[in-house]
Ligand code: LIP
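As a starting point, one isolated chain is supplied in structure tokens, in the form predicted on its own.
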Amino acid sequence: MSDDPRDLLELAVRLAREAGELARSGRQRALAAVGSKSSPTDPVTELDRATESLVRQRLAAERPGDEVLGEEAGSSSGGSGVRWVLDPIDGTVNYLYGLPQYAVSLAVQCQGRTVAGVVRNPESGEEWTAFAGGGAWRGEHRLAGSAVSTLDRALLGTGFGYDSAVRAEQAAVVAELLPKVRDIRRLGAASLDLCFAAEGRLDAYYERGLQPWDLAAGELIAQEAGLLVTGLAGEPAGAAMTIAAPPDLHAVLHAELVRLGAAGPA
């Protein structure tokens, strides 16, 4: 088994395409069995589980020593030092409602460092990829992020948690930010938001509450496009806060989010 990031990315892309087609073709079956996780507004479908199971089965056959961390089934054991981080359907609410804004997100980490990642939208066929040191790409188009450097010109992406108290805090931050920016979009899939920021479809993106499977592939793609991806006040990107933006815009957005206490109560 090769641990070269290029080879790992090639496998990740193949698996994301197969998983995405399963999710896309099985949507009607998914509608028949919808459950919930952290709250009644946090859905999970049969196809979330089936898509994750497919990727796990393929990896068990091709790379049996690797660990897999997935949103639905948690972490498996593995002694190779390679970990795959999977969100089988990022944007399940969009998926349920027939909104074509969901993705399969798959990243590969070696010794704790993300070295390759792919985000694929099964509806549009768009696919974003990166490996460490190789740049970020959508198809044959290399990504370089936005040239916007001031908040008043910035189109921001964000998202909201499923807990009602957290949503109230996030809404208060949006209310303060909205008069200061070009506009705000809430598209419903963090991995795609990160890729859109990498491509410049969004000037920047921030969100509280992201989990490793939401973040791993999109973070690498954004970083390889030249964006800074951090948390607040020197912390890494993660559950407390994730900010992805070109360096100049990142500085002003970060300062504003710190001022607004966007990570929530201490």
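Note that residue numbering begins at 1 and tracks the sequence as displayed. Quick caveat, the model's predicted, so the values are computed rather than measured.
Quick note: we don't show the form predicted together with L-MYO-inositol-1-phosphate, though the next part is all about it.
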Exercise. L-MYO-inositol-1-phosphate in the predicted complex: within 4.5 Å of a heavy atom of each of 160, 189 and 207?
Worked result: yes
For this session: Determine whether any heavy atom of residue 66 comes within 4.5 Å of a heavy atom of L-MYO-inositol-1-phosphate in the predicted complex, and answer yes or no.
Result: no
Problem set entry | Touches L-MYO-inositol-1-phosphate in the predicted complex: residue 145 (any heavy atom, 4.5 Å) | no
Exercise. Does residue 108 make contact with L-MYO-inositol-1-phosphate in the predicted complex, using a 4.5 Å heavy atom cut-off?
Worked result: no
Exercise. So in the predicted complex, does residue 89 come within 4.5 Å of L-MYO-inositol-1-phosphate, heavy atom to heavy atom?
Worked result: yes
Problem set entry | Which of 221-229, 53-61, 234-242, 199-207 sits within 4.5 Å of L-MYO-inositol-1-phosphate in the predicted complex, heavy atom basis | 199-207
